[in-house]
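Heads up, the chain below is alone and in the form predicted on its own; it's given as C-alpha cells.
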Amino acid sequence: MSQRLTADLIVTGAAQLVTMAKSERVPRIGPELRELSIVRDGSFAVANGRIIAVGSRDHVFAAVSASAQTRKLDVAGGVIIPGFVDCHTHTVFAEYRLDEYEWRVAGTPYAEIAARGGGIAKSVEHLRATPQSTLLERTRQRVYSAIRHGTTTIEIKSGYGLSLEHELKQLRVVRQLRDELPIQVVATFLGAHAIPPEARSDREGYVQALIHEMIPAVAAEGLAEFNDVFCEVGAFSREETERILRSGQRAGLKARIHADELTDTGGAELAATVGAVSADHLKKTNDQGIDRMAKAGVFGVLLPGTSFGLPSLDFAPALKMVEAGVRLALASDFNPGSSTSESMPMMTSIACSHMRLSPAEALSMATYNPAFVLGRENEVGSIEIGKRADFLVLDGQDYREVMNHFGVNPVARVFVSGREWDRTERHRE
C-alpha cells in the first residue's frame, strides 16, 4: 500500500465545493459549460501548494495524513470556487481617462472623443510621461485589488507605449510583478494597439517597426508569451494584422486578436486562418466567423465590462456562440477608458444579465476555460489533484450569489497556492 501524503492544509465543511473538475482536460463547450462538478459537504487537501485529495470529508481524511503542523480550515457551510482566471486585461496604465468618461456618459460620440485627443492616444500620452517606477506601484495596487476580488491568474497587455522604449517599459512592469507576486501573471505584447500619433502619416513604417524591431526585442528579452493586434477600422487592417501576427509566431509568440469589436472586419475568420489562440471582443462577428472559430478551436474571449462601460449595451452574441460549440471565456478587459473594473465577479454578473448566460456558464468561462487560453490548464482553473491550490471562499451560501448580488465583492477569503492572501495586501505565511 502506498504511503499517504501529509497535508499542509485540509479544507472541510463546504456546502458547495465547486471543483470544475472534468474527466478529460479539454475546454468546456456547449452544454458542458453548465457542468460544475459540485461536491456537497466537500473537502480537499493541499501539500506544497498543490491539491492532493478532493471529495467528501471521509474520503479526504482517508487519503492523506495530518501532522501537528497541518492547518485545518472549516468553512462551516460556505462556498468554495476556483480562483478567477482573467485572461484579457490592460492593467499597466498611468491614469484613468476621466474627462472622456464624462463626455461619454453625456452622449458624446466616439469619433468626437477621438478628435478631442481621447481614447488610446490619451493613454499613450499619459504612459509615456510616467516613470516606470510610478507605473509599477500603480499597477501593483490594481493587481492587489484584482486579487481581493478573486483573481488568482491574470494576463496583462502592453499597448499604451506604441514605441519600443515605452512598450518595453510596460512589459518590464509586468515581468516585475510576475516575479514578486504569488499569483500567475502572464504577459502579452500589444504594440499593434493603434498607430501612434507620430506615425499617422507613415502607417507602413510603424508596421515595419513592429515586425523588425519591437517583436524581436520583446522575444529576445522574454517579456511576453503572446502577440496581440487590434484588428479594426481605424486601427490595423486584416492584412496588416496577419503580417504582424505571423511575425510574432515566427518569434515564438502565440497569436491573439482584438477582433470585430466595432465593425465586422473578418477578425474571427482571420484568427482561425492564422491559428490564433483567441479572438477577443467579437461584438460584430458574423455567423461564418463563429463557425470558423468553432471548427478551428479558437477561443472567443467575451468582454462584457467593455459594453457596459462604454456604455453601448451592445454585447457579443454569447448564446449563439455557445450553441455553435465555440470555446468561450470571459475576461474583464480592465483598462483606463472603456472597462474600468478589475472585478471578475462583476463581469460574470453582466454576462448573465446582458448576455443571458446562466450562472454556471459564466463561472465556467471565468475559471476553467480561460486557463486554456493562457496555456495554464494544468495549473489553474479548477480544484483538482495536481493543480495549484488557488481557491476562493465566498461570502454567501450559493455560488450563484456571485452573479445575482452584483456591485459588491462576494469574495471573503483568497488562497494562492494554499496560502491566504491578506486583504491588507500582504501575503500571509
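Residue numbers here begin at 1 and follow the sequence given. Because the structure is a prediction, the values reported are computed rather than measured.
We do not show the form predicted together with a small molecule, though everything after this point is about it.
Undergrad: Looking in the predicted complex, is the small molecule within 4.5 angstroms of a heavy atom from every one of H88, E261 and D333?
TA: Yes.
Undergrad: Counting only non-hydrogen atoms, choose the one of 204-212, 171-179, 336-344, 141-149 that falls within 4.5 Å of the small molecule in the predicted complex.
TA: It is the stretch 336-344.
Undergrad: Would you kindly say which of K254, R292, R327, R97 lies with a heavy atom within 4.5 Å of the small molecule in the predicted complex?
TA: For this set of options, the contacting one is R97.
Undergrad: Have a look at T285, T188, T348, T306 for me and say which one sits with a heavy atom within 4.5 Å of the small molecule in the predicted complex.
TA: Looking at T285, T188, T348, T306 one by one, just T306 meets the 4.5 Å heavy-atom criterion.
Undergrad: Just to confirm, F230 within 4.5 Å of the small molecule in the predicted complex by heavy atoms?
TA: F230: yes, in contact with the small molecule in the predicted complex.
Undergrad: In the predicted complex, does H166 come within 4.5 Å of the small molecule, counting heavy atoms only?
TA: Outside the cut-off, so no.
Undergrad: Does the small molecule come within 4.5 Å of any heavy atom of V277 in the predicted complex?
TA: Although the small molecule is absent here, V277 would stay clear of it in the predicted complex, with no heavy atoms inside 4.5 Å.
Undergrad: Could you tell me if Y160 has a non-hydrogen atom within 4.5 Å of the small molecule in the predicted complex?
TA: Yes - in the predicted complex, heavy atoms of Y160 and the small molecule come within 4.5 Å of each other.
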